[in-house]
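Next up is one chain by itself, shown in structure tokens, the form predicted alone.
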Amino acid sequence: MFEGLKLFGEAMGTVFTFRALFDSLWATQLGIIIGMLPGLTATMGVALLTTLTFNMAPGNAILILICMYIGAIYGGSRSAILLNIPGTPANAATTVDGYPLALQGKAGKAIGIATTGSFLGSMIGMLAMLVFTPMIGTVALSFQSYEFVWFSIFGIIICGNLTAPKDPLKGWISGFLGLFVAMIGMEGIHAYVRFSFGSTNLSGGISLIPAMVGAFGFAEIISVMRVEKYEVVKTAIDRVIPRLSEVFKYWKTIIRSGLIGTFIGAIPGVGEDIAAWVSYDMAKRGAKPEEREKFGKGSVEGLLASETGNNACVPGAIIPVLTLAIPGSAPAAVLLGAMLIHGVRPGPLIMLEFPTFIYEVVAMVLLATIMMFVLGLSMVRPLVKVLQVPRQKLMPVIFILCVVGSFALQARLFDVGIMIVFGALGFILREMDYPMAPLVLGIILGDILDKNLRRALILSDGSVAPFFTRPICVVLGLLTLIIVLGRAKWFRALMAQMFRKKAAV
């Protein structure tokens, strides 16, 4: 523990430089702007910025991307409060109480509460990241290929289950579609080319960044261009900085939402939107009767819970990125790709290969959080005017950035085609209510699943027994089975009948 604090102190000295302060300032501000403009998601922002940081030093590049990530998740609360439209999916729960507060003439108060909740949530997540990431990294060293196979399957199943609650089968289909896409190109052990159909370009596989820019960027552009122009709430921005009594009156809600957000963030592929809704729901259930009546009508506690939960999810989502090389959310998936591009290899060996990197990332999260809080409270009135930018002028600029970003990494027009294809595919899947997060997670986990499955079979001489006898494999397998069966009506009816019989006895 003391060694960890010493390493964190050294990382603070490394990260907190004049260049880092400047980079974090503009990157966080840009993230807030991207987050607050409906249609420009955090994933899109991190993906586009990844292509622009290609030639930077690894530390500077990753700091900029973390600042973009945190700023964008927070920035979406502005449009949620003033437009009743979440700037990012993570801010959907914010509209429930944020917009009613704005209609009551309390837009400034709502923005201040959202900013404070985001700051506190990110700090709680950062502390959890500081404490648990080294611990999980140490445990992850005991993971072998057998465990990673189950972990990949578990990630797809739980991600599909939580991102498509009405019909989890659609989430699972989306996830396994991503796994199939990851099989295209040379396999990682013998370099055998698969599913390329004679195409030299396809033999190199589907690049992650163009696919993600298409699925989250170009698809979003198509969706947004179908919507009419939004109108900002016509209200004066009153006092923004909240009183301490208004915030810490709900200290239990803040701590609960922060812990929930961090935990959900650490679950592969689930993301900030689920964290916000679960935090909001738990706050409503735990509220006093007189406060519960205000939920949906302008509740400060509800707004605080949702914004605390979604920002706590950000550090939580980075935890599995660093320890297992498995992202907790879609933006974290792009961040993982950026780390690999810049020569950092996250995963179980990170504690041995890059022992101080974890603490440097924690320091980066702290710097980004501080910048988000300062900019969030000081740049309210000027940034509200950004929401009045005509959509028909903004989207072509974003499309150009998508094209340039896809082309820049490898200078291949083929990658631009990949971006367009995945954009069209993403748009079609969204129209049919298929979630995008499992698709992207599947592309990332496909390579992990493929290599570890065949490596495990080589180690076991073709036997599948270790997949079902090793303790961690048994736990992950049972959890996966329970999640799948838990969505079946006959299984739920059987469980309910068993519990009724026990209660009668």
Partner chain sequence: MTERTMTKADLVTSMLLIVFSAAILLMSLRMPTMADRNASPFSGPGVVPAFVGAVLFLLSLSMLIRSLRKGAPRLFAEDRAGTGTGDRSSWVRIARTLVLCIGYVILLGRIWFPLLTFLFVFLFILTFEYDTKVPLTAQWKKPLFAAILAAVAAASVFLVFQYLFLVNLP
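These numbers were taken from a predicted model, which means no experiment stands behind them. Residue numbers count along the first chain shown, from 1.
Just so you know, the form predicted in complex with the partner chain exists too; it's not on screen, but the next bit is about it.
Visitor: Counting any heavy atom within 4.5 Å as contact, can you tell me which stretch out of 365-373, 139-147, 340-348, 188-196 lines the partner chain in the predicted bound form?
Guide: So the stretch in question is 188-196.
Visitor: Contact with the partner chain in the predicted bound form for Ala128, defined as at least one heavy atom pair within 4.5 Å: yes or no?
Guide: Judged by the heavy-atom cut-off of 4.5 Å, Ala128 is well away from the partner chain in the predicted bound form.
Visitor: Indicate whether Ala465 is a 4.5 Å heavy atom neighbour of the partner chain in the predicted bound form.
Guide: Answer no; every heavy atom of Ala465 is more than 4.5 Å from the partner chain in the predicted bound form.
Visitor: Residue-level question: is Trp251 within 4.5 Å of the partner chain in the predicted bound form, judged on heavy atoms?
Guide: Trp251: no, not in contact with the partner chain in the predicted bound form.
Visitor: Spell out, yes or no, whether the shortest heavy atom distance between Arg470 and the partner chain in the predicted bound form is within 4.5 Å.
Guide: Close contact is absent here: in the predicted bound form, Arg470 is far from the partner chain, nothing within 4.5 Å, heavy atoms only.
Visitor: By the heavy atom within 4.5 Å rule, which residue out of Met282, Leu103, Met379, Leu177 makes contact with the partner chain in the predicted bound form?
Guide: It is Leu177 that has a heavy atom within 4.5 Å of the partner.
Visitor: Would you mind picking the one in Phe295, Tyr359, Phe151, Tyr434 that has a heavy atom within 4.5 Å of the partner chain in the predicted bound form?
Guide: Contact residue from the list: Tyr434.
Visitor: At 4.5 angstroms, heavy atoms only, are Leu169, Ala408 and Leu453 all close to the partner chain in the predicted bound form?
Guide: Yes, all three are in contact.
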